[in-house]
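Presented below, as structure tokens, is a lone chain in the form predicted alone.
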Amino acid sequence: MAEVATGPLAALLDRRAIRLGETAADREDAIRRSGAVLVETGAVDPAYVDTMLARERSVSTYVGEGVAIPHGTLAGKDAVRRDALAVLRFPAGVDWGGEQVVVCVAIAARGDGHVALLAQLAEILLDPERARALREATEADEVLRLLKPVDEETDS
């Protein structure tokens, strides 16, 4: 696979942006919480959260395996300070239009960076064992390890 300009997923994930014991009343609440973590870590301006909600209203960000990848619309790019991820785990699950979401991987990306990030995330989520491990992770180090490319993981 070609080297991605945005770098490995784990490199975009600030340890402070990993929250593994979250609760949310519904999908909108989960997206707001995910966006708030991106704001807290300085990746985005607060206006980005509204574009995340707008994206969800136009198309569901549920990707399967209990995972959703909320991200902003094209209009939200100006509110992104730096490419970043946030991983929030909702152990009790969140109803996501009839699907149960346990993990939200929130994406902030300038330009077309989100396309490469989505491709890297898809590679992880297509592996049912890695997706299950991500849903069940209780430690930040485990999340960081799971987001490393498969070929790098065996080196460590």
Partner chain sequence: MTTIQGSDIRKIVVACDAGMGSSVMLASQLRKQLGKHSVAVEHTPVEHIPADADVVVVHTGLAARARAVAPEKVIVPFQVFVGDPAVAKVVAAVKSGGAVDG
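For the two forms, the rigid core is made up of the largest set of C-alpha atoms that agree within 1.5 Å on superposition. Positions refer to the first chain, counted from 1. What you are looking at is a predicted structure, and each value in this text was computed from that prediction instead of being measured.
Absent from the display: the form predicted together with the partner chain. The rest refers to it.
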Among 49, 63, 131, 102, just one has a heavy atom within 4.5 Å of the partner chain in the predicted bound form, namely 63
Residue 118, heavy atom within 4.5 angstroms of the partner chain in the predicted bound form:
yes
*asked:* Please tell me whether any heavy atom belonging to residue 107 falls inside 4.5 Å of a heavy atom of the partner chain, as the geometry stands in the predicted bound form.
replied: yes
Original post:
With the partner left out of view, is residue 59 within 4.5 angstroms of the partner chain in the predicted bound form by any non-hydrogen atom?
Top reply: yes
Checklist entry - Quick one: does residue 55 come within 4.5 Å of the partner chain in the predicted bound form, counting heavy atoms only? => result yes
Non-hydrogen atom within 4.5 Å of the partner chain in the predicted bound form for each of 72, 123 and 126:
yes
Of the residues spanning 27-44, the ones with some heavy atom within 4.5 Å of the partner chain in the predicted bound form are none
So with the core overlaid, does the Cα of residue 51 end up 2 Å or more away between this form and the one not shown?
no
message: For a quick test of reading the superposition: does residue 41 move by 2 Å or more at the CA between this form and the one not shown, rigid core aligned?
response: no
